[in-house]
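Only one chain is shown below, in structure tokens, and it's the form predicted alone.
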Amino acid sequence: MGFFERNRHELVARGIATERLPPGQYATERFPVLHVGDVPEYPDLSRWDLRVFGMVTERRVLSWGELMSLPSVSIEVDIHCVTKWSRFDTGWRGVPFEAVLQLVDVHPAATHLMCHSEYGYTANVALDDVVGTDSKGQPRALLAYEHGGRPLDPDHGYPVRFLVPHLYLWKSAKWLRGLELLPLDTPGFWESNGYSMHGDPFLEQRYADD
């Protein structure tokens, strides 16, 4: 019996529905660290801000205090990394993306979002993937600042990352600094390097040809 098959048998033994595990993935309790470049340091958050720009009537720049003043929620979701690991029932807290979207007048022709992070990292997602709620009534996208009841670790995106749990985790940009509304689907960092423009784990959309 191979590793992936054994892993699925272990889920059955634990009473976990294997339908929750996308094809080509294995379940783990670990949270591996994967990123490109250095981990940014923030002595304090007094100079941190978040830009909301692009296809909006008037751009907004939110301070950390302004972001924290917005409604926040706690969610429990499964997450899936393109490197084939998945974690079940992970807890996060943050600001629903739609709470930020409501602060700006979005042009009706906007269809996509580009997340901008420290050091120039970008990740693209369709607006249809980040508005609304999931089957549990939870926001489909979150500006997450806590994981497991604690502030994010620096390696996992402190102070805030854009969490889109139903897509591969590279779409959940760490160290978020900007949200750009766009009229078309434009490749981000990994997408420009051959990864899928969409990134659905259950369709195994890892690479551009998947």
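Position 1 is the first residue in the sequence shown; the rest follow in order. In this text the structure is predicted, and so the values were computed from the model without any measurement.
In what follows, reference is made to the form predicted in complex with a small molecule, a form of this protein that is not presented.
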Legend entry - Distance check, Cys81 to the small molecule in the predicted bound form, heavy atom within 4.5 Å: yes
Inset, instruction - With heavy atoms only and a cut-off of 4.5 Å, decide whether Asn124 touches the small molecule in the predicted bound form. - result: no
Inset, instruction - Answer yes if any heavy atom of Phe53 is within 4.5 Å of a heavy atom of the small molecule in the predicted bound form; otherwise answer no. - result: no
Legend entry - Touches the small molecule in the predicted bound form: Leu184 (any heavy atom, 4.5 Å): no
Inset, instruction - Given that the partner is absent here, state which listed stretch (64 to 72, 138 to 146, 43 to 51, 168 to 176) has heavy atoms within 4.5 Å of the small molecule in the predicted bound form. - result: 168 to 176
